[in-house]
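Next up is one chain by itself, shown in structure tokens, the form predicted on its own.
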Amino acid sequence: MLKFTEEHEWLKIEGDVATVGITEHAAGQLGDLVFVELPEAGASFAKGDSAATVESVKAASDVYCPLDGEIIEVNQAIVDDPSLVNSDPQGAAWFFKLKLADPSAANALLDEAAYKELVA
């Protein structure tokens, strides 16, 4: 199941784990990324908390935790090479995997059609 937030994060949900990243729209708005800071595995976040930071040649921006949960894995590849986020934001350049406190809460997020309407 693929879900989106109004803050331009995407979530690929498999059971009680969500893989989280920023959307192609967000990556395009930011421009070329030069730095990515990710949370520590084991950290817990509430929905809306700042979980990661990205910096581009244009600006710095927070990446928000889309749902309550615990970080179980981070993608070191995007820390080592932030440009991956520009080239494959909704694929190889995921940010973190989140063990969801309440998987049913994902139902309240946007589906792809609603997200596309938001950014149109």
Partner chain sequence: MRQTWRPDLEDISHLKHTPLHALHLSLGARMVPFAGYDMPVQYPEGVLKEHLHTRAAAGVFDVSHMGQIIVRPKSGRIEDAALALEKLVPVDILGLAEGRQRYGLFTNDEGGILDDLMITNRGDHLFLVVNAACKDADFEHLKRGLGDTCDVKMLDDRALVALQGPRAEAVLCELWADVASMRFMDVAEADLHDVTCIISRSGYTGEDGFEISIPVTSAVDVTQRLLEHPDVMPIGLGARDSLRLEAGLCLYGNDIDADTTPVEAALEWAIQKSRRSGGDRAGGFPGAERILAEFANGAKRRRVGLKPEGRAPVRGGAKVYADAEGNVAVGTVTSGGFGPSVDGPVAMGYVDAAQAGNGTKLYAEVRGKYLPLTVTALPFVKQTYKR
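Since the model is a prediction, treat every value here as computed from it, not as a measurement. Positions refer to the first chain, counted from 1.
There is also a form predicted in complex with its partner chain; it is not shown, and the following applies to it.
Given its partner chain in the model of the complex, answer whether the residues 67, 97 and 112 all have a heavy atom inside 4.5 Å of it. No, none of 67, 97 and 112 comes within 4.5 Å of its partner chain in the model of the complex.
Residue contact check: residue 74 to its partner chain in the model of the complex, 4.5 Å heavy atom: Contact with its partner chain, no.
Just checking whether residue 61 would be counted as a contact of its partner chain in the model of the complex - the rule being heavy atoms within 4.5 angstroms. Looking in the model of the complex, residue contacts with its partner chain include residue 61, since a heavy atom lies within 4.5 Å.
Answer yes if any heavy atom of residue 56 is within 4.5 Å of a heavy atom of its partner chain in the model of the complex; otherwise answer no. It does: once its partner chain is placed as it appears in the model of the complex, residue 56 has a heavy atom within 4.5 Å of it.
So, residue 8 and its partner chain: in the model of the complex, are they within 4.5 Å at any heavy atom pair? Residue 8 belongs to the contact set for its partner chain.
Which residues in 10 to 47 have a heavy atom within 4.5 Å of its partner chain in the model of the complex? 22, 26, 28, 29, 30, 32, 34, 35, 37, in sequence order.
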